[in-house]
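Below are two forms of the same protein chain, given as structure tokens: structure 1, then structure 2.
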Structure 1
């Protein structure tokens, strides 16, 4: 870095510091450093378990880890102060580089000939209009458009450019990245994410925030009419579907289904299918077979007390065991006979032996579970900004990859002995190919004599 040579220390020192700060923010060296530093930080975030609370690290008995967690938030890398600082520095650095480059890009856009990547010198004894026309038409074949012409006494200048839009690629990519980072900040400050568990038939307008677990309210009430779990014949889940209604001031405003990959959005707040749980039983199905051979089935809800057909007794469900035993799902029944004391009996879906009550064989056929659906609630006003940034990024890449800026200029200087012709060209990509093409075309003109 340059040091000021001036002997006046005060102001020149501050000038040189300012200069160094400016150099830091406009240098690509900084960009490369920051990219690798962020990569390193991100790797840390995948190696060290994230989301552990400080208290738990404190009792884990590793004081060094605790201190690291306290100062560097290594238990929460992606929300830590230093990771945020790195991202902010990257944003500033990209901005700095953009401001440094933009005037050059603008200049390149406006003028047809700036710096060239190759120059060819020719001499011709012709000084006529014929030579001009010939050179111009060759240039036109290469570039596919008519040139910009500027003429002065004894001097003619033709210049072409092609696909200037290529120049927009660089700023679009870099502005795109800044826009994405800004969008993520908008989301982090004004957005929220939460989760709620609602049983079928229930409704609520409260949910808990992730990760703080605080309770918040939605501006509408979520009513869950039903939850359905569909499986493939192979047993893998095929569909999780929550049929919900949203109501405001007692009136339904929206109704629809929420599935994985199919959220429901109202007033900017989206509801996503996240998980489910069995919270109870809707009904139970039992079969009964009497000694005489007549069989029947009964479907009843778990609180109901029912008669056992053919036996002088009643039964009632006490509890359900959703399949922790090898025999599958089981229920505990309370058998209430007229004479005996109430009996507690467990019966499982996969039992080999049937249950016998006063000669009636009872089998547990199945049950319909009562589900609670887990919905994720998300609000992120920054999402559109992020997608805007992504679009800019993609569009910038398309321009950079699929367009190419090419410039060609021909300068003729006439003198008494003949004409000096200078041809210079520039191509942002495929430089060699462009140069070969230009050379090939112009070397083929017999009136031109190549000079070194």
Structure 2
């Protein structure tokens, strides 16, 4: 007998534990808690700089921050173990809520749910068939379709269902959220993000992973044809754009312009405009005025040695001088040939006086910088899964907001003194309006006498 009691106790404890687990994963409180926890994690991931390596955090000299990063991955929140656990629990919680409601949805879809939001009782002295025809006609007018009919001795039942598609809204919303969560986890663990800096005219298929700086290769070569920078009158950047081509197996497969928030995507890999920097000089522009008064301008490569028109000398650019606000940008020139000027000389854009070389007046007009464009490379294999989930979510909301499940049931019970009529109905939305419509239509039949 003791053994039996022990067995019963153990069994009841197991049932109790299973019940607690089921209650946890089907509770709305659990959903609210998990949503707040995930929102808190997302805030941390936004405030705390992401992508820092543990080595850099260790160098910073903050041991507490290093321990947090080591245990909780606060430098990589969205791929951390605890954020993944929260997303997994939320997925299971939504699944639990969905499975709890599915039997009721199936029952409602098959019209086995007998719940009603209102019930009306009438009595008629009409003959059975005449009454049936009138009631069916009114029901069809209200619901816009023919009823399902079931008959038994002295009893007839009519039932209508309208816009049952409303019932799909709830499962679509929940499944859509689950699909979005799964897609985000797929992208977080199997996707990557990197960065590459490419000068105008150069090409590469290598990039550095963020944050590990590990070198990876793209399945295509990125060729930067040009980089264009547009500035405001104040000198601040207004727009920067990279014109690129992607080459695979020696052939160009796609080309286009990459701007901020306008990436170029090929084979699931997206190239985003990230930043830029000046890495050299593309060309220099000088003006020359000879003794005879003829003027000319020359645009040339900074490494190119050119003749000075009207002078027995040549010049070559050695370096670019940022200068000052008063002077403007300048260049250092190497003068080659018979001249009374020093071989090395600097001239600036804002100089009032020109450089005189053997009677030829030289003025520095400006230069075209050579830019390197910074491209962020991203690959997210879960993006299509996320789009699928978003589509399901939107369609589920449309069904929930713009459709309305309505049910109408009429039951006739015949007796020797007349026919008892019971009319019941249910509307998921606008319940009061639906009842008033049904009551008004059926009270219009003069042979029906409402029973209180």
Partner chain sequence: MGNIELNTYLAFGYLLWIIGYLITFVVIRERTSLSRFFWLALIVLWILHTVSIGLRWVESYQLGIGHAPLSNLYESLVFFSWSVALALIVVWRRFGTDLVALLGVPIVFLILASTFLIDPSIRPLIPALQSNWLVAHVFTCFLGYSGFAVSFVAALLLLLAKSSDKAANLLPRKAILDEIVYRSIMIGFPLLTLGIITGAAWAEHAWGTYWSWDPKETWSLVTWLVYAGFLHARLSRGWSGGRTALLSVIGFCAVMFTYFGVNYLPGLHSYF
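Under this definition, the rigid core comprises the largest set of C-alpha atoms superposing within 1.5 Å between the forms. Residue numbers count along the first chain shown, from 1. Predicted model, so just to flag it, every value in this text is computed and none were measured.
For the form predicted on its own, the corresponding chain is the one labelled structure 2.
If you fit the rigid core between structure 1 and structure 2, you'll see the Cα of residue 106 move by less than 2 angstroms. Once both forms are fitted on their core, the CA shift for residue 190 between structure 1 and structure 2 remains under 2 Å. Once both forms are overlaid on the rigid core, the distance between the two CA positions of residue 157 between structure 1 and structure 2 is under 2 angstroms.
In this core superposition, residue 234 moves its Cα by 9.4 Å between structure 1 and structure 2.
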